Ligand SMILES: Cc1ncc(COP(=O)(O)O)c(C=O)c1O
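One chain is shown next in structure tokens, namely the form predicted alone.
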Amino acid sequence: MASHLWLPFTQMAEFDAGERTFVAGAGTTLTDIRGRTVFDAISSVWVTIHGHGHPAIVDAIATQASRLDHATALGASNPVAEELASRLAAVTGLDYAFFASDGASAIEAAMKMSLQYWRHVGEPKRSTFVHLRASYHGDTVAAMSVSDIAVFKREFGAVCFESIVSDDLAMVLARDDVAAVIVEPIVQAAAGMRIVPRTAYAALRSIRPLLIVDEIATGFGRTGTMFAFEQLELAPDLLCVGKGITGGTLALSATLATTRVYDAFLGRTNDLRHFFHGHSYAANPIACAAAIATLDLFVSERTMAHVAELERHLSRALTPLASHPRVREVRRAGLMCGIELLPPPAWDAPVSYGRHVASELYDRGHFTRPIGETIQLVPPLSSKTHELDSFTTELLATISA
């Protein structure tokens, strides 16, 4: 039967639904339409935290769906969103949460907040955004405009606006037209798990422009702390979170703001100072309930202690790969790993070596997606050490064949 489905980042002329149609998930595994069970080695692109189908999150979703499925957040609130906003403020150190659905939407909100903020405080000239080299912040227009990976934006230059890409942030910050600096902390995931030198963030600890920290990929325990910015001693004015916020079950994101930013939007309704931005499903109660259950599990299951154990184990498990002649580099921060491969001499297959290796890994029981020649290992935080051992062992066997 012909499919009417158009998949993201997928060449549909070559896609075989019989090979990659998942019908079930449980814990750290996915089951495909042929009945094969595979380890979800990329957490379904960095979203699954406590495993697929965790009973506590499933129960929270079902309970909330039976009570209040959705109510608009435009001029109205709901108790679950109120609770989640409070919980996020407590765990991040920021003060207010503005909800959307996906990570790129959180970035767009943060950028628009930045522009409106500077108008409200009397510095409308501050309208320029600064970002790091090799950055990626999403696929919507503003998010693309502060991204620096050509393959994601080269077709869309006509709708992007100019921004400043710089590795020398201290020099750029002297400008009087900068509205905000936006950074991914420690790991640039879409760049192949590129690790940014920590010295690159030093200039951001006390700046005049707003600091937007994009924790959509790195947040909720991925790098060894709840949020990566903690390790860099940064104090974001705006913090974007998503992906793992609901444990990987439902679409939700948040842009968290400090009181300094929030207060600049206060006034009378007719002053038109309120934030002119919103989404139909913002603060969806079911998604918020899933997020609260996810945060509860970090405590009840001592997730971060388990992450520390997995980190220590993974450091040892990756050692044989680091010295393999088919490996250019192993990059890791916490449980975010990229193994960059060196294709064999005169590799002339119709697919990249990375894609070939990922396909072989799938046949060996491990699902991952390559970024160019980089094999990703970003496992659920609930993974077991033997699953990490199996992945690294099978990858070693694949590139040694």
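On a predicted model such as this, the values are computed, not experimentally measured, just so you know. Quick note: we count residues from 1 along the sequence shown, nothing fancier.
Below: the form predicted together with the named molecule, not depicted.
G138 is the sole member of G248, P209, G138, P236 with a non-hydrogen atom lying within 4.5 angstroms of the named molecule in the predicted complex. Annotated contact segment (heavy atom within 4.5 Å of the named molecule in the predicted complex): 210 to 218, selected among 210 to 218, 194 to 202, 302 to 310, 84 to 92. Proximity of D102 to the named molecule in the predicted complex: non-hydrogen atoms within 4.5 Å are present.
At a distance threshold of 4.5 angstroms between non-hydrogen atoms, K243 is in contact with the named molecule in the predicted complex. At a distance threshold of 4.5 angstroms between non-hydrogen atoms, F367 is out of contact with the named molecule in the predicted complex.
Taking the partner from elsewhere, W46 is found to have a heavy atom lying within 4.5 Å of the named molecule in the predicted complex. Applying a 4.5 Å heavy atom cutoff to the named molecule in the predicted complex picks out E184 as the lone residue from 163 to 185.
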